[in-house]
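Presented as structure tokens, the chain that follows is alone, the form predicted on its own.
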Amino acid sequence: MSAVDLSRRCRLPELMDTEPVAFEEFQDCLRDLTRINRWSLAYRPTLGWLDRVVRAQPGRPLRILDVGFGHGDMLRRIAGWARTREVAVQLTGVDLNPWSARTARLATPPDLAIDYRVGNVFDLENEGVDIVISALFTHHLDDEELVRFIRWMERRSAVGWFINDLHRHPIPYWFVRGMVRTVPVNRLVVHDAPVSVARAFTRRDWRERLRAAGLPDDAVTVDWCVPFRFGVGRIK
């Protein structure tokens, strides 16, 4: 990607979505992404939104579904958040890649009751869920899939839903591209990290997709978060 037009979403696929690799390399890639998530304050928007949910509906047990859980690090953070705030939670994740589930289970202490599942989120039609979350997932979708996902979350969630994803902008693009070339990370991350930013969204993109999903502007918050993320949330 020597030249990239950030005025529109990039259509270049990510290697971790398309390239067959050994389990050990995939596991190494997810570990590196978890380290980047810690450095980039990736968990803060989701945990802050969950605080808003708890303030709005105190004392309510929450069934939380994480779509595209990857290494399972967001669900483990939520488990710690819930323990600190004494919130009863039932934590479930769904991911298309069976190696994500294997990696997440290996990384999760046995005392954390997190249910990691392999499958397509659109097949989960008969299970009750209060909150649907995703982090760094929606930029993997094309525009039609994203609109379908928003509609699915709106239909299936009893309390609300929250998307935590990147902001497509030259500053994070060039920063990430330079960083992954200078620090020791998996080759998949070297390729995919800048592609992820180029595949991500602007505020205008989000408003257009939300309207296409049938949601008015005042129903969903689109908050910019440091550093260069959007938190797109709906509390019913």
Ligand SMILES: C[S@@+](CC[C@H](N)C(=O)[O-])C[C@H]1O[C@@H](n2cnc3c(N)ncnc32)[C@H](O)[C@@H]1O
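For clarity, every value in this text was computed on a predicted model and none was experimentally measured. Note that residue numbering begins at 1 and tracks the sequence as displayed.
FYI, the form predicted together with the named molecule isn't displayed, but the following is about it.
Partner-contacting position among L50, A200, I64, L33 - heavy atom within 4.5 Å of the named molecule in the model of the complex: Comparing distances to the named molecule in the model of the complex, the residue within 4.5 Å is L33.
One residue of V159, V87, L136, V147 in contact with the named molecule, assessed in the model of the complex (non-hydrogen atom, 4.5 angstroms): For this set of options, the contacting one is L136.
Contact of N97 with the named molecule in the model of the complex (heavy atom, 4.5 Å): N97 belongs to the contact set for the named molecule.
Contact flag, E25 vs the named molecule in the model of the complex, heavy atom cut 4.5 Å: No, no contact at 4.5 Å.
Heavy atom of D17 within 4.5 Å of the named molecule in the model of the complex: Yes, contact at 4.5 Å.
V121, heavy atom within 4.5 angstroms of the named molecule in the model of the complex: Output for V121 is yes: heavy atoms within 4.5 Å of the named molecule.
Candidate stretches 151-159, 136-144, 104-112, 77-85, one within 4.5 Å of the named molecule in the model of the complex by heavy atom: That would be 136-144.
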